[in-house]
Every structure is written in C-alpha cells, then in structure tokens.
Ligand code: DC
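A single chain comes next, written as structure tokens; it is the form predicted on its own.
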C-alpha cells in the first residue's frame, strides 16, 4: 500500500474505528495512519497502560474511584515510530509488557468504570483536537468523537476473532479455547456496561471482516475515507 502525504492546506479529518476485541482495529488503524500521514491513537493501549499501573501499585481493578485517582496521577504517552506506537507510562516504555494477556484482561475490567472512562475520553479528545488522527477503540464514534467525519465499525465472527487473538499471543500464553472464552467474556462486558457500551454509531459504516482479507478490509476503508476527503475539499464541510 502506497503512502499518501497530506496536501498543503488540505483539511485533516478524524477517522474513528470501533469494534470488538480481535476484529483487526489496531492493524487497520496503523495502516490507514501510515497511508494518510495521520497520527494513530490506540485507546486500548491507554487503558492497558493504566491497568498495568494498577497491577504494579496493588490497586483493586474493581475500585473505580481509586483507579480514577490513579489515572489522574499518571502520564500516558503514545510515541509514534515506523513500527507503530511506543507506549510510555510515566516516562517508561511499557510497549512489550502491554501485549501480555494478564494486562489485556485487566484492562477490560478497568475500562468499565465511568470515572476512568471520563478521564480517558478527555485525554483522547485533547489528542484529536486538530484532526489528522486515526483513533481506534470501542466508543470513539459514539462518545469520544461523535462528530468524526469518518466512522467505521469493524467486526467479525467471535470464533474468527478468537483465532486471530490466539495467533497474536506469545507461545507461552493460554490455549486457544481459553483465549476465545475470555474474548467472549470481554464482549459481554463491553456490550453491556452502563457507561459507553460497545455499539455502532448510527452513522458508522459497518465492515465485517469474517470472510475478507486484510487487503480487502483496507481497500474498503480507503474508498470510504477518500470519498469523504473529496467531499470535504469540494464543500469545505
């Protein structure tokens, strides 16, 4: 896929990608950010960083008030490079540690707390104030950037997502059946939480990647974005 540099004076938009775990959001976001020379903001990495800090400090993953205070005392930064974002937690590079299954599982529990999500949403909105970002997560098009110019909801059948997540896990991690069970449990938490549940935005374009190759998913997303950028250049909206 060739890279596309932003034209001088061209209006930069917000590209919001939502979807459940294992749907391919992170991969798609990284490829689109590279193509359009946008900043890739991984909201899931931010929740995992806070979960890691909670684990390190001994804070309960079920104590929303304590976690919210911990978040306010934290500095979570995304430092882009060619291979993707490095995640810095209070100045330390924790990128590799955040890929572990225990941190992923903890992040799912941390993310259900309303005050934690309020803090995260404020940080994420500040990052995207000037546009020119690809932001992926579970409530980007509905909560973080409901006014985003491009909204994609990426999904796939649970068993396909479970296999993808298993293939991404280190060899020493849980067996595939356990990975699928945890993914289904996370789906349940994400879709039923009271604050910002995982649902497609009313104006999001649905892409089901169950039977699509990565190239096909990327091509559909690019067609959607290019059409929106062309409209923006023509109408200024």
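Source: prediction; values computed, not measured. Residue numbers count along the first chain shown, from 1.
A second form of this protein, the form predicted together with the ligand, is not displayed here; the remarks below concern that form.
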{"property": "Contact label in the predicted bound form: residue 108 to the ligand, heavy atom within 4.5 Å", "result": "yes"}
{"property": "Residue 140: touches the ligand in the predicted bound form, heavy atom cutoff 4.5 angstroms", "result": "yes"}
{"property": "Residue contact check: residue 186 to the ligand in the predicted bound form, 4.5 Å heavy atom", "result": "yes"}
{"property": "Contact label in the predicted bound form: residue 67 to the ligand, heavy atom within 4.5 Å", "result": "no"}
{"property": "Full three-residue contact with the ligand in the predicted bound form, heavy atom 4.5 Å, for 48, 190 and 193", "result": "yes"}
{"property": "Answer range among 67-75, 148-156, 110-118, 88-96 for contact with the ligand, defined in the predicted bound form as heavy atoms within 4.5 Å", "result": "110-118"}
